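Take a look at this one chain, the form predicted on its own, written out in structure tokens.
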């Protein structure tokens, strides 16, 4: 793949003003409809429930949080125009914008913030752990709200930016969480119009949006297209304007297609096979660390990367990526060593291997079905037979949230904050995290200490120690950290995807 492709995105990101983005230039009069292909069927388009990055990308076009995180990781004002932090780092006082309404006309105010916080931490909602980082929220006056944490939380503002979507109290209570997820109301740049499941999600511009000059198109239509080959055809014919999660072969094939631009960039996403020690994995051989190490040795991940991704991925050494705070660059990935895998299995009491359940989602990630099949084959070579089941992604995320997937299951986790803690919490915080299937005391202690350590140097050291511990005591088969490939029509302007594959379409327009 030509290096010019990477430069395309990097140049765009340099030009992207931290808060105003494309709006820093003279506003372009919105005249057209932007059509975006997504590879999965959303389980919900409420940002508090949307389970996967593509569903979240659809949802977040309709919402704002109190703060906004820029591409460089800086946290800037959004619905809160300013804030103070107490000397002990535990109390945040937010001063809210006074000119904002929800799409249905309800006022945005301090009561809406407190309601959103109280609702968001309900355990039945997917991202309740992200809201529960705060232990209290109270109204000071109509446009001032105080939010406090039990201990100093170095990542609270970044988590707010990513997960605290403000919702209108009256409408949300009237319709309930399920119906809200079918027809959400926020304060964001786009308003909900309709959701025809497995066909389209239609959003229209919020003509009263508080960010002046945004959004820059009249309408956004999301089109679910699970098959990558069909997405590739759709961008060529102009049926859609943006597609993501293409294979490297498809990206190379699109390079010389008239009217199409190819975009590639490294993403802050780790792919893995998770071990479940909370429900279905209880009593299984995978509770033995030697078995989990053996399974890491058993899989030829470099062969998978070379054959399925053209080499455009790094081998994972943990649930951290190279750009994350505290990543230990001295750790070498598990080598492919089936003989060592068999030795460890024998030491653990399984010289003839064993049988175990295994699941993976369909259509969610580029070539992931083939990845899962390759893992199945490598495990079979050392005596581990897996009953691999593929599931439609929406159902898969629901079962994962219910902790009802088999003892082995494939998944990945992206992160926008530049630190691994939210990803670690999400995947390893046991019963307290919706998508976690693993809990271990040492890992929990590290995560707790990282979360309350404000000093960045000390926090980095804790991350490094945890990285090493999780390499020797793997709660996953570590797979890879990929580059991703997308394509746009050549009249798309100011489309700036980030390392977590998220984006903000309020800046994007068609020339």
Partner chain sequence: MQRYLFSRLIQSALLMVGVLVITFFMVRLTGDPARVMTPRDASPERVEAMREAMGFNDPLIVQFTRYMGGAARGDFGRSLHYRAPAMSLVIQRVPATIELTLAAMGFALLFAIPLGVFGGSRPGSIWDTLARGFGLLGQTVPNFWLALMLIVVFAVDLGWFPSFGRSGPISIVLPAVALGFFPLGQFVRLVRSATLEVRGEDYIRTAYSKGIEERAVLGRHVFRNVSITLVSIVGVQFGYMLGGSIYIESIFSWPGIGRMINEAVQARDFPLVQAIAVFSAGFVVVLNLLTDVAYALIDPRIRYED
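What we label the rigid core is the largest C-alpha set whose atoms superpose within 1.5 Å from one form to the other. What you see is a predicted model; the values in this text were computed from it and never measured. Numbering follows the first chain given and starts at 1.
Just so it is clear, the following notes concern the form predicted together with the partner chain, a form of the same protein that is not shown.
- Among heavy atoms of residue 123, some come within 4.5 Å of the partner chain in the predicted complex.
- The partner chain in the predicted complex comes within 4.5 Å of a heavy atom belonging to residue 431.
- When contacts are judged by a 4.5 Å heavy atom cut-off, residue 42 counts as touching the partner chain in the predicted complex.
- Heavy atoms of residue 49 reach within 4.5 Å of the partner chain in the predicted complex, making it an interface residue.
- Stretch 405 to 413 is the contacting one of 104 to 112, 405 to 413, 183 to 191, 303 to 311, since its residues have non-hydrogen atoms within 4.5 Å of the partner chain in the predicted complex.
- Contact with the partner chain in the predicted complex, judged by any heavy atom within 4.5 Å, is made by just one of 128, 277, 386, 172: 128.
- A single residue from the set 199, 74, 136, 355 has any heavy atom within 4.5 angstroms of the partner chain in the predicted complex; that residue is 199.
- Contact check for 84, 212 and 266: none of the three has a heavy atom within 4.5 Å of the partner chain in the predicted complex.
- Contacts to the partner chain in the predicted complex (heavy atom within 4.5 Å) from stretch 395 to 417: 395, 397, 398, 400, 401, 411, 412, 413.
- Comparing the forms between this form and the one not shown on their rigid core, the Cα displacement of residue 236 stays under 2 Å.
- After superposing the rigid core, the C-alpha of residue 430 moves by 2 Å or more between this form and the one not shown.
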